[in-house]
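Before any questions on how it binds or moves, here is one chain, the form predicted on its own, in structure tokens.
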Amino acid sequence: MNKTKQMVLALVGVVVLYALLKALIVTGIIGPYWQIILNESMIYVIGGLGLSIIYGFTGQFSLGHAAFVGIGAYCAGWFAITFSHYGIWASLGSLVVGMISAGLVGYLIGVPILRLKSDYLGIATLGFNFIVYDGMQNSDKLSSVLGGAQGMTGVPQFQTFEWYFVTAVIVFILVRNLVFSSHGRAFTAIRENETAADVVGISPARTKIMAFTVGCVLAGLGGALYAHNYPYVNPDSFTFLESINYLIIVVLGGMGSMTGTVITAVGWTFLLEVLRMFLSLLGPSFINLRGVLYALILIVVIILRPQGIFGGMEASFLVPRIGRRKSNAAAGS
């Protein structure tokens, strides 16, 4: 199948998926509440793809991804509220502000901490997550708009499904093109063997900083969309446990698999909500069991399929033909 046919089939698939979901929304099968959850799943797709670049493709273990989502949410929310008199343009601008702010912070902290490796890098990003969380708790000292520990309210809402679906599709296309570019191959080379990559002329420091910054930009975009999806943005939405959610999405989907990240992000979002509703029916005291169930699900999947659900595989229409020929040749040899 040539490239044009692949692109046409992919486009048709996206249109059919959108039409199906839109029909479910219009007919009321997906009500207002579940539409918000559907929007949130798109936010997880965007943020999950960001962490997939950092950890899945480049191998940089990060436990602070939610911090960058929170930075994007708070900066975007502040911008949208402050310049709300500009209407929709303020909301659009807030998405850019969320991306830039998270990307800039990611770059600034990435320069020193990306010298660390493995568990030490994870601990450093975990510490940064706690720093950002404490900063959000006291953010009202910077601006009353941010709300501090009580959270930020008044962010203009656009909960239409189109915003989130189209943005997620665009992000997915950009990430796909990045992964199969020379930069993406450099990311994978760093993950597989940093010393060998350095020998062939790939700068480990520059490549890791690039991957980390791009991943943080996507996290900031997801955070900006989050601020516009909920009328109330609270620091508790960006804790260490939220970072674990993103990590679970990347690990369960399969390291280095965009397809796995997207499908797992959507499935995990709805699974969390279904579990929350089921446990709430049993009583308030059972809500705290969610963490136990999440851990059990993760343990079972890792035992049964340690490489993740998709194991690094991609849908065939995403992979360039030259990439498939090389893979087939390698498999044949």
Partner chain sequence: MVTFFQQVVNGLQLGLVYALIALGYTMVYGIIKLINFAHGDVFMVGAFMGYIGFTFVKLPWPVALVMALITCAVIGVINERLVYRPLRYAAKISALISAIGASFFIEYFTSLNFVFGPNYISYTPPIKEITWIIGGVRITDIQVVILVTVAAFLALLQLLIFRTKLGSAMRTVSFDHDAARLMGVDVDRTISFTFFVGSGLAGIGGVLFGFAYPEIWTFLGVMTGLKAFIAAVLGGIGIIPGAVLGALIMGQVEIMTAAYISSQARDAVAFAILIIVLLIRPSGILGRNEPEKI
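Residue numbers count along the first chain shown, from 1. The shown structure was predicted, so the numbers you read here are calculated from the model rather than taken from an experiment.
Heads up, the form predicted in complex with the partner chain isn't pictured, but that's what we're talking about next.
Chemist: So in the model of the complex, does residue 127 come within 4.5 Å of the partner chain, heavy atom to heavy atom?
Modeler: Judged by the heavy-atom cut-off of 4.5 Å, residue 127 is in contact with the partner chain in the model of the complex.
Chemist: Quick one: does residue 138 come within 4.5 Å of the partner chain in the model of the complex, counting heavy atoms only?
Modeler: Because a heavy atom of residue 138 falls inside 4.5 Å of the partner chain in the model of the complex, the answer is yes.
Chemist: Does residue 31 reach the partner chain in the model of the complex, with heavy atoms at most 4.5 Å apart?
Modeler: The answer is no: residue 31 has no heavy atom within 4.5 Å of the partner chain.
Chemist: According to a 4.5 angstroms non-hydrogen atom cut-off, is residue 112 in contact with the partner chain in the model of the complex?
Modeler: Yes - in the model of the complex, heavy atoms of residue 112 and the partner chain come within 4.5 Å of each other.
Chemist: Heavy atom within 4.5 Å of the partner chain in the model of the complex: which of 232, 240, 83, 163?
Modeler: Looking at the other structure, the residue within range turns out to be 240.
Chemist: With the partner chain left out of view, choose which of 26, 295, 282, 274 has a non-hydrogen atom within 4.5 angstroms of it in the model of the complex.
Modeler: By the 4.5 Å heavy-atom cutoff, the listed residue in contact is 295.
Chemist: Among 118-126, 150-158, 222-230, 183-191, mark the stretch whose residues have heavy atoms within 4.5 Å of the partner chain in the model of the complex.
Modeler: In the other structure, the partner sits against 118-126.
Chemist: Would the partner chain be touched by all three of 168, 171 and 262 in the model of the complex, meaning a heavy atom each within 4.5 Å?
Modeler: The answer is no; none of 168, 171 and 262 reaches the partner chain.
Chemist: At a 4.5 angstroms cut-off on non-hydrogen atoms, which residues of 287-309 are near the partner chain in the model of the complex? List them in order.
Modeler: Heavy-atom contacts within 4.5 Å come from 288, 289, 291, 292, 294, 295, 296, 298, 299, 302, 303, 306.
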